[in-house]
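Shown here is one chain on its own, the form predicted on its own, set out as structure tokens.
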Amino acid sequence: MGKHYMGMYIAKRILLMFLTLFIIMTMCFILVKLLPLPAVKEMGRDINLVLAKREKMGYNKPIMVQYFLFWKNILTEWDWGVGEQMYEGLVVWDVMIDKLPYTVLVNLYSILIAIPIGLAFGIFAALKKNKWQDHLISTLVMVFISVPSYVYAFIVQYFLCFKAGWFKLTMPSVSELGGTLLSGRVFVALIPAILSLGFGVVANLTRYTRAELSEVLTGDYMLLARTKGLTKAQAISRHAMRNAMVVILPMIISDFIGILGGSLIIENIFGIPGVGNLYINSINVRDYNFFMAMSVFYTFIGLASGIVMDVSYGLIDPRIRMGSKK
């Protein structure tokens, strides 16, 4: 019965996710179309392609007709249009796929490096609760959480890029680095952005781990585990961390989505050619097709992460049954 309730819950959440996505995208489409239509740049041989795409998407028709054609082209042909104000004449979907790996890499590197550091600091603070080490870590955590990631970006740029000269102020292209996207040189070039995104994640994870583990360590079952002969380390690893992870793991997922949104600005600051930079530029120049495609991408990621977070509770703790009426 538990699996049945979980399946029904997931199906319901997925349906609600697509309904919410549809409502949000309807609002975005109508509002952005109310802005003045930007003039098409002269693009030589590409101008005919853009004009043909505009005609296909019904730019000269009422907004609701344009909206119908927008979804029709996506659902029947997976056609998101072509760039008009940037990447003129290039297919929007192809440009997104080309830039997506940069965004995924910088966010994955940030979260994978931040998780063990944040967990380690959180566990250490919980074990040293109310001692000077705990007070020091808690104070630093509040300082780092209070500072936005773009402030860290400017600090990193000034001290590590400008003063120390260890890194470039903006990321060179992969061809200039002489390697592939997964090469060590690209990783080194991404370090300033990784640090800027990672500081806040480490602080947030440290705070949650310390709070949850401190509460778990005072539970009666921990005393029972010790009386059964388990060492302190065994009791923490087998019981305390498992119970604490019920809250910590969904928070990690939330942090990943958080830095995915934060990387919009970080990519722009460090010149990383990812989809975050693409989204910001599409808003600045009012490229409708890129704006709508990127809005769908980020909205879908945010909504899907909510489902993953909720389901993770039941996977970590079998006692939790999503969708059950009991």
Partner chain sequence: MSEQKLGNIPEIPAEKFSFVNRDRTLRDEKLQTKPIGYFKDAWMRFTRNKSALVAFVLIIILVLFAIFVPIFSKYTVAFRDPYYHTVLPRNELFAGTGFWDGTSTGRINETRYLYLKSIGVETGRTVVTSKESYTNDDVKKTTMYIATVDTYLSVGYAFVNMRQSEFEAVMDYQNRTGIQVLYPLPRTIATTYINGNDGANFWYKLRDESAATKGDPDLDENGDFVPNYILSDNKEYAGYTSLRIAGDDGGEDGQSWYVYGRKNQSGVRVRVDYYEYFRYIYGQYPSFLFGTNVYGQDILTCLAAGARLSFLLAISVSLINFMIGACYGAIEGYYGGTVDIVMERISDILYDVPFMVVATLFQLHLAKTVGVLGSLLFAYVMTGWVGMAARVRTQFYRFKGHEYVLAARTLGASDRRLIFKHIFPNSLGTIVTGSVLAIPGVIFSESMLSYLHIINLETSSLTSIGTLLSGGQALLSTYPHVIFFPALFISILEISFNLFGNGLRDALNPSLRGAED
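Numbering follows the first chain given and starts at 1. On a predicted model such as this, the values are computed, not experimentally measured, just so you know.
What comes next is about the form predicted together with its partner chain, which is not displayed.
**Student:** Run the contact test on 57, 93 and 187 with a 4.5 Å heavy atom cut-off to its partner chain in the model of the complex and return yes or no.
**Tutor:** No, the whole trio is out of contact, none within 4.5 Å by any heavy atom.
**Student:** Quick check on this chain: which one of 157, 85, 103, 204 has a heavy atom within 4.5 Å of its partner chain in the model of the complex?
**Tutor:** Filtering the options by heavy-atom distance leaves 157.
**Student:** Pick from 174, 147, 249, 115: which residue has any heavy atom within 4.5 angstroms of its partner chain in the model of the complex?
**Tutor:** Of 174, 147, 249, 115, the residue with a heavy atom within 4.5 Å of its partner chain in the model of the complex is 147.
**Student:** Determine whether any heavy atom of residue 66 comes within 4.5 Å of a heavy atom of its partner chain in the model of the complex, and answer yes or no.
**Tutor:** Flag for residue 66 set to no.
**Student:** Though only this chain appears here, would residue 309 touch its partner chain in the model of the complex if you measure heavy atom gaps against 4.5 Å?
**Tutor:** Contact with its partner chain, no.
**Student:** Residue 23 versus its partner chain, in the model of the complex: is there a non-hydrogen atom within 4.5 Å?
**Tutor:** Residue 23: contacts its partner chain in the model of the complex.
**Student:** Would residue 279 count as touching its partner chain in the model of the complex under a 4.5 Å heavy atom rule?
**Tutor:** Answer yes; at least one heavy atom of residue 279 falls within 4.5 Å of its partner chain in the model of the complex.
**Student:** In the model of the complex, which of the stretches 67 to 75, 116 to 124, 138 to 146, 85 to 93 has residues with heavy atoms within 4.5 Å of its partner chain?
**Tutor:** Looking at the other structure, the answer is 138 to 146.
**Student:** In sequence order, which positions of 269 to 292 have a non-hydrogen atom within 4.5 Å of its partner chain in the model of the complex?
**Tutor:** The stretch touches the partner through 269, 279, 280, 283, 284, 286, 288, 291.
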